[in-house]
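Presented as structure tokens, the chain that follows is alone, the form predicted alone.
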Amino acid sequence: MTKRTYEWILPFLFTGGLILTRYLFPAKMTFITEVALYTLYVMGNNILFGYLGYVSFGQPVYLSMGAYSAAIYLAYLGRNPLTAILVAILMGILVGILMGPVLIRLRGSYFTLVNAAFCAIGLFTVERLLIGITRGNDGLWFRTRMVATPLLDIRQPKNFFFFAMLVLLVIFILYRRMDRSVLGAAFKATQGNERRMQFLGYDTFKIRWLGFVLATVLSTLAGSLYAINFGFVNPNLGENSRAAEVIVATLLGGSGTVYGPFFGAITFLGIKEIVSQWITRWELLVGVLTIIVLFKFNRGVWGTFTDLLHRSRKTMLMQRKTP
């Protein structure tokens, strides 16, 4: 099997693995669906953190924007879940285009803190300012208003599971193409040496802007799927306290890699699912594990695995060449 064929098989392998797990452990279907949705969310943060070098504590607000965009549409304007997803994606594009030029001018801790403040503003907006529309902490319910979608009625949890797998597969393929394209190389080169990129004639501002738009779109897409899956949204989705979770998941999986978000989501949610049954403050174990990963396996789960794979291949080639 060639390397190119192997890389094309991976998106189908990982998605198929989730589908197989759903049949091996039918009681865990909700958890597996959450892994798929959280992977999309981590993918958005990975573009900012892994590809462009931005640490954002504002990702929950973009997730919340996608969820509330879909929820408000379904609660007041329309009834089709697919249209609600499209509305959320358009919201992500709009926010990325409008907010991107302002935020990406900031660097380091300034970008981090401004996004954290933006997250707090978003939470206050849905809890207080728009309480007549969002219903505040009571949440916005809309499941009974949704209509059946063609071919696959995603109102049903079992059908939504397969829909989520399909979305994840498509995003996996597009994400891989981005990583292998000139755009993915430009993202990483801009992070590594922006002055050299400018010297070569690239507009690094537009590159970072486009990366920010892609990150917000993936976050709002994940938010809309969360909303449709649960049939309601509340402000907890955009709380500031959840800002560090997606960064931890990105680090655990391996920042700047294609499949790191997938393994980061599984690791983070898996620890949360298992440990929280015995320990109330499960965040302690996640924090300890993150420290271990940063010091011992700084490439994350997927990054460490690929490094070991490359080393084993080199060892085998050297053994073949040795008479």
Partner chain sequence: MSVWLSAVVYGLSTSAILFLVSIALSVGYGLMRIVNLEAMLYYSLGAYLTYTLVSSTGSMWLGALSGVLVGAALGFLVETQLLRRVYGKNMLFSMVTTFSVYLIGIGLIQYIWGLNPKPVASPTDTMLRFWGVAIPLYRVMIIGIAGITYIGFQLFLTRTIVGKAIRAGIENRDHVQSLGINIYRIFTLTFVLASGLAGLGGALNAPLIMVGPYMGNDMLLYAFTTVILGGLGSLKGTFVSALILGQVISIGGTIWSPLSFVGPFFVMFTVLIFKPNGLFGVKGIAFGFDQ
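In this text the structure is predicted, and so the values were computed from the model without any measurement. Positions refer to the first chain, counted from 1.
If you look for the form predicted together with the partner chain, you will not find it shown, but the lines that follow are about it.
Undergrad: Only one of these stretches, 174 to 182, 139 to 147, 76 to 84, 107 to 115, has heavy atoms within 4.5 Å of the partner chain in the predicted complex; which one is it?
TA: Selected range: 107 to 115.
Undergrad: At 4.5 Å between heavy atoms, is residue 199 in contact with the partner chain in the predicted complex?
TA: Result no; residue 199 lies far from the partner chain in the predicted complex.
Undergrad: Flag residue 55 as yes or no: does it have a non-hydrogen atom within 4.5 angstroms of any non-hydrogen atom of the partner chain in the predicted complex?
TA: Looking in the predicted complex, residue contacts with the partner chain include residue 55, since a heavy atom lies within 4.5 Å.
Undergrad: Do residue 283 and the partner chain come within 4.5 Å of each other in the predicted complex, heavy atoms counted?
TA: Contact with the partner chain, yes.
Undergrad: Should residue 276 be classed as touching the partner chain in the predicted complex when contacts are defined as heavy atoms within 4.5 Å?
TA: Result no; residue 276 lies far from the partner chain in the predicted complex.
Undergrad: Quick check on this chain: which one of 129, 98, 151, 170 has a heavy atom within 4.5 Å of the partner chain in the predicted complex?
TA: Exactly one listed residue reaches within 4.5 Å, namely 129.
Undergrad: Go through 236 to 255 residue by residue and record those having a heavy atom within 4.5 Å of the partner chain in the predicted complex; state none if no residue qualifies.
TA: Contacting residues: 240, 241, 244, 247, 251.
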